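In structure tokens, one chain follows: the form predicted alone.
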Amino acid sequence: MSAQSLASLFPADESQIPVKYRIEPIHQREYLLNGEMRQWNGKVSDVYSPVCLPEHATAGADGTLQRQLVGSFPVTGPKEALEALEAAVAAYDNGRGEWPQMSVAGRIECMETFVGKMLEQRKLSINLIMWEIGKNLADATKEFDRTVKYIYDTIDTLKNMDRSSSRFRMEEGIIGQIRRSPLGVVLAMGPFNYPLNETYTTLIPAILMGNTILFKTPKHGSLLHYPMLEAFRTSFPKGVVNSLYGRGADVVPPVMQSGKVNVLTLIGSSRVADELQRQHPKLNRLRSIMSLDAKNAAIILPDANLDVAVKECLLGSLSFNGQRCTAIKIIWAHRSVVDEFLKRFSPEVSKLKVGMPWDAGTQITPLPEPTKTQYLADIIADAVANGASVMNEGGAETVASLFKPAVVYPVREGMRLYREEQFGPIVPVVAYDDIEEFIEYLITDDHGMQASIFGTDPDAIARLIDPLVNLVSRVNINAQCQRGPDTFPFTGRKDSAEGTLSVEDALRSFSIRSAVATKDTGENKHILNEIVSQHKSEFLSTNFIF
């Protein structure tokens, strides 16, 4: 496909955009603070879509492709950040606030109210995901619907957890009840690649467990959260959820330096995570729950079913342009099969449909980060300069925000692609002779999220499983790396994660086990019975949630 043909994939004008997917610019001039939509008259940040249109009808215009304006949002500063922090601190009130004191059943009821209001924003949310980050219609729809399912699954899991803790335990002459209690103020920072789903997989369990939230929106995918603010405002007590807008470098440091943040949850880079944690003056009081960098590797054994390997590596490496922490970021193929693998894999990569997010069947879409295509070109140029080649037809062709996926081979130590997480539509392929080369790569890698094994010999696969489970957090057999299902643990070793996220693990991560205990005496039993029978305590209770 020529550059001209690639450029033709962008709409020539607005009339080529289906009416139901068009969007009027949204200029946000308010944010959620302490239960109020606070008006903003200060500096704003314009949001430009990776979807480009030719710039016609302007003086001197030459038809150059231009990113389209989607809207704008407030750029608040340290003052507003600290106001939001104080609102969250006051709402928590050292565990005495309305929200942390509320029964689990009461918090669930509030969350169910929120989901109902969230569903009213479904169409707009899906359109904003497409326009802000370029995700295709099918994946944008899946992201919204999966998020709603995640919330309901989290509610059901919390009910089960609460039912299990609704009874007293009697051991060694001690009577006690053990439940989970909130941790305090949570600073939540979500990613751009799954701006709704990944953000809510931390936000929702943190809220449900009784914490109060300071929510920093991502740089890309920020407007998406605007329609949800009113739902948060009207579903939860004031101060439970507070939004934080602006440059992270301006608004996050004063919040962390205050020492008033109890939990940092971040889905982003390990470099940012390190910087933020260092700013907290009392690290022993800070709990961190983070999903960070990854360079997930796949290994293709000599006896692998190459049809399966090609299919799964295609999905695993290039779904949403490879912009997933769980994407396969490098493929190791045994030297005896690498040529045949490339012969089959490269044409399939070139067949992936490139187009606009709303086009039926589109698999490769415009990239949201303005500098991304140049970065991808640079790391490919580095590999080529060191002896690698682009193996697929049309690979690495670029126009504006579109970048055709590239298969690069042979990749080896010393090339940037060998170690850097490309987070984009490039698939590096390495030839190996001995499995120890692959294991040594994982040992020396800074990351440890997932790996995939492709093979048919149970003995060979078993020999790989045992060392790999101690190097990464999930080993996939004849399947792509992925997060789901949400009931499975999602975590990583080394610089890839801290804490564990799954439906149940997340609820545990954002809470702590607390116990009320007394000696087994008649007087103490009378006290407990009086408290429980008269419903004098939310914690000390045998209420059973159905």
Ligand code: G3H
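Start at 1 and count along the sequence shown; that's the residue number. The model shown is predicted, which means the values in this text are computed figures rather than measured ones.
Quick note: we don't show the form predicted in complex with the named molecule, though the next part is all about it.
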## Note on the structure
Only hit among His220, Lys216, Lys404, Arg324 for heavy atom within 4.5 Å of the named molecule in the predicted bound form is Arg324
### Query
What is the one choice in Arg180, His334, Arg146, His280 with a heavy atom within 4.5 Å of the named molecule in the predicted bound form?
Arg146
### Query
in the predicted bound form, which of 272 to 280, 88 to 96, 188 to 196, 73 to 81 comes within 4.5 Å of the named molecule (heavy atoms)?
188 to 196
### Task
Using the partner position in the predicted bound form, report whether Gly42 sits within 4.5 Å of the named molecule, counting heavy atoms only.
no
### Query
Taking 4.5 angstroms as the cut-off for heavy atoms, does Gly484 touch the named molecule in the predicted bound form?
yes
### Message
I'd like to know whether Phe490 contacts the named molecule in the predicted bound form, with contact meaning heavy atoms within 4.5 angstroms.
### Response
yes
